[in-house]
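In structure tokens, one chain follows: the form predicted on its own.
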Amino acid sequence: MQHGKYRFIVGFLALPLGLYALFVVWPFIQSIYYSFTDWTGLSPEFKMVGLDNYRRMLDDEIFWKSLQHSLMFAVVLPLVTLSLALFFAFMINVGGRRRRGGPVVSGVRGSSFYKIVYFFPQVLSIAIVALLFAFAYNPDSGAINSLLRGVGLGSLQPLWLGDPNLALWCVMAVLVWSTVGFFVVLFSAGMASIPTDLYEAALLDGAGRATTFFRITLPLLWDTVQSGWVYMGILALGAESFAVVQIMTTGPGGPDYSTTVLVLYVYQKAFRDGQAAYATTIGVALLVVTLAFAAVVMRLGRRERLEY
């Protein structure tokens, strides 16, 4: 059975690895190469400029603002989203009270309906979600300020996306709303695989919901949580944050660069300003930030694997 094993494995891996190298690794290598040039993206002609783009990036105030906002996305969004998703998934699957004649461990009443409601935003395109919330945040005719006026809080009319102090938090709230349902379903699937015997034993010992969650559910679900944290961080640093900021904010990235993130800054430099080489330099910085984020999460989240 060992004869030809490695040729068999290589035969299956050759095509997918080749495609990955062509469409993922090679563009990264090209980006790093172009970051040492003055390429505009509009002409085939360019020359090497060494580390000039990196020196310019380190002196770029907007780059540092964008980096700060991206890091806030990478830290705050996974923390809030995964915390909410864990709470909702726990209540839907094992957080309900025991009902006469029913199973010992069950979710709250209407848990099947709640699963559909939480997952509904995943059905919508992120572009549609951003447009809907852009209308809702409109300070004059938006649903949020209209609701505030309707309940007698007409004096409280924030500008929302027009306020530099609120705009970034408004964008984050949209991303949390649009992504939490996916993780509710993911964590629900993980909780369904945990033996009910463990929960029943905890209930017999008098454990409450909080104790059950922190002593049973979370430790046995930790690998899924860790993977979700990395995945959510990559979304927050990449396409999801770009789409929402690009569609919802003024500028986009405003007001006064208060919502500019690295991936948006890359897009603006490459396609608006014709500075493709500088854009790839910022892209290299974004790659380093993303890899560092994933490495830190995997390192800090390392725990002894629990079997059940």
Partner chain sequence: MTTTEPPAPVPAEPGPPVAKADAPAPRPAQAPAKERSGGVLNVFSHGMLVLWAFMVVLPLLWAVMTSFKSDRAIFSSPWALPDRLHFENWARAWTDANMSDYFLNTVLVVGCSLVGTLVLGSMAAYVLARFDFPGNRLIYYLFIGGMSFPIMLALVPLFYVVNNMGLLNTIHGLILVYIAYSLPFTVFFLTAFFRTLPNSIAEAAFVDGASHSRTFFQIMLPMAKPGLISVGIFNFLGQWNQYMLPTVLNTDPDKRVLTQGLVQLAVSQGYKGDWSGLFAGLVMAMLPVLAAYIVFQRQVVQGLTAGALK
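Positions refer to the first chain, counted from 1. Predicted model only: the values in this text are computed from it and were never measured. What we label the rigid core is the largest C-alpha set whose atoms superpose within 1.5 Å from one form to the other.
There is another form of the same protein, the form predicted in complex with its partner chain; it is not shown, and what comes next is about it.
Interface residue remark: W64 is not counted as part of the site for its partner chain in the predicted complex, having no heavy atom within 4.5 Å. Among heavy atoms of A136, some come within 4.5 Å of its partner chain in the predicted complex. For the chain shown alone, T224 is a contact residue for its partner chain in the predicted complex, at least one non-hydrogen atom being within 4.5 angstroms.
Remark: F46 does not count among the residues lining its partner chain in the predicted complex, judged by a heavy atom distance of 4.5 Å or less. The candidate site formed by A236, Y257 and A295 is entirely out of contact with its partner chain in the predicted complex, as no residue has a non-hydrogen atom within 4.5 angstroms of it. Checked against its partner chain in the predicted complex, the residues N165, Q157, S83, T196 give one hit for a heavy atom within 4.5 Å, which is S83. Interface residue among L153, V75, I128, A192, judged by heavy atoms within 4.5 Å of its partner chain in the predicted complex: I128. Along 176 to 191, these residues reach a heavy atom to within 4.5 Å of its partner chain in the predicted complex: V176, W177, V180, F182, V185, L186, A189. After superposing the rigid core, the C-alpha of L291 moves by less than 2 Å between this form and the one not shown. A displacement of less than 2 angstroms separates the C-alpha positions of G274 between this form and the one not shown, with the rigid core held in common.
The two forms, fitted on the rigid core, differ between this form and the one not shown by less than 2 Å at the CA of W64.
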